[in-house]
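Take a look at this single chain in structure tokens; it is the form predicted alone.
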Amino acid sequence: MWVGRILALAGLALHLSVPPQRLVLLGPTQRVVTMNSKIGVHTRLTDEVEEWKIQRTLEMVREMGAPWIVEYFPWAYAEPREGHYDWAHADMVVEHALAQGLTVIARIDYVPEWARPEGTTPRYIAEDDYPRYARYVTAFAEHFEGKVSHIIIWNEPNLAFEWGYRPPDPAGYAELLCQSYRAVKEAAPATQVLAAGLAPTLAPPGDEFGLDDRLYLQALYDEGSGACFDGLAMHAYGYTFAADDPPSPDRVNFRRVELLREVMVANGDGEKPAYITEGGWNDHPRWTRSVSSLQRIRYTVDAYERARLSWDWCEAVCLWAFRFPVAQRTYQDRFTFVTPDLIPRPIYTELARYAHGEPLEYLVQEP
């Protein structure tokens, strides 16, 4: 009998230790109030398991004045077995984003084990498996038709790391892009298919780690892939340079994307839009590529302003990264706008002032 009582008390203690579940309601659809319709962020809700935190994160995006988000929807998460889809988490994120009045750009990569050779990384995709990826992207586009308007095919294929620890292969990525584009357009023609954002890098041909993004983009055009995307995703990191630092082939800075735009125009794609889907500055005190917190605020505001006033070809500037579900405990934490506990960092507060046309407090703090 005493054993039964102990077990009962243990069960009661366990029950009392579990926090009650929060009731989460979508509520009426909201509208983003902003003076710059190109403001966006990369939200990284992929591994957020608590719905109320997903909702609050996206509320904070809206309250900051950002109408755009990029969200990562890993293939391996949604199709753990071939032909068996689990949309539950993706549905949750998309529904809450729409309820906040946000436009969603979906990035899709991360290969499930069943769709790649044994011993390879989730960033490895063999040519024989391109049709499987194209089928998944098409299933995603069909499932979210009318809800997710833009899909990015892969991520940074000009880096060996993102191409499964293999040399960058523009011809291989061009084929993956074209197979995916044709499949999506047949099933959900209104969905905008974006070519992958390329990593900004100066790596020369033959480098073991990557290939210069300008050279890679031109190689994609040489492969005929200009007919296989509706817009180009771009990555625009400023590192230690100001937002107005001029572009140069031998420098990685925020305006390097203008050089990619020149490649687009030179190949007859001047009418296509571009979308910055990663980028920004970092204010970690011990990272060699960081800037001060005040510089980060100023550079970020200047970047959004440049896109608003000067880049008519750029539809959105979605900077990295709004919030991580848990602390990364690396310099990555200082790319964020909000802490894992949903506490606004100074850059969030200042960007909200900027987006709503209010005076920026950091201006009076600068020397």
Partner chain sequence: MSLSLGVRRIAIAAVGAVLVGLILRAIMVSRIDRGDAWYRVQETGILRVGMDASFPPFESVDADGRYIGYDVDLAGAIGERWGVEVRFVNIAFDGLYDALLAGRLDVILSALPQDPLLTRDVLYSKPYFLAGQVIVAPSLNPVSSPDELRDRAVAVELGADGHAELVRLNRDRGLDVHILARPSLQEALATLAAGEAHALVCDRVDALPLTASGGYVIGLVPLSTDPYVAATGIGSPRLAAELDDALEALRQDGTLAQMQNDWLGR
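Nothing here was measured: the structure is a model prediction, and the numbers come from that model. Positions refer to the first chain, counted from 1.
There is another form of this protein, the form predicted in complex with the partner chain, and it is not shown here; the text below is about that form.
A.B. asks: When the partner chain is placed as it is in the predicted complex, are Tyr130, Gln218 and Asn267 each within 4.5 Å of it, taking any non-hydrogen atom of the residue?
C.D. replies: Result no, not one residue of the spot touches the partner chain.
A.B. asks: Have a look at 22-30, 330-338, 298-306, 62-70 and name the one stretch with heavy atoms inside 4.5 Å of the partner chain in the predicted complex.
C.D. replies: Answer to the contact question: 330-338.
A.B. asks: Closest heavy atom of Glu142 to the partner chain in the predicted complex, within 4.5 Å or not?
C.D. replies: Flag for Glu142 set to no.
A.B. asks: In the predicted complex, is there a heavy atom of the partner chain that lies within 4.5 Å of any heavy atom of His356, even though the partner is absent here?
C.D. replies: Looking in the predicted complex, residue contacts with the partner chain do not include His356, since no heavy atom lies within 4.5 Å.
A.B. asks: Though only this chain appears here, would Ser149 touch the partner chain in the predicted complex if you measure heavy atom gaps against 4.5 Å?
C.D. replies: Ser149: no, not in contact with the partner chain in the predicted complex.
A.B. asks: State yes or no: in the predicted complex, is some non-hydrogen atom of His284 no more than 4.5 angstroms from a non-hydrogen atom of the partner chain?
C.D. replies: Because a heavy atom of His284 falls inside 4.5 Å of the partner chain in the predicted complex, the answer is yes.
A.B. asks: Sort through Pro122, Pro247, Pro273, Pro74 and report the residue having a heavy atom within 4.5 Å of the partner chain in the predicted complex.
C.D. replies: Contact check passes for Pro122.
A.B. asks: Is any part of 202-240 within 4.5 angstroms of the partner chain in the predicted complex by a non-hydrogen atom, and which residues would that be?
C.D. replies: Heavy-atom contacts within 4.5 Å come from Glu208, Phe209.
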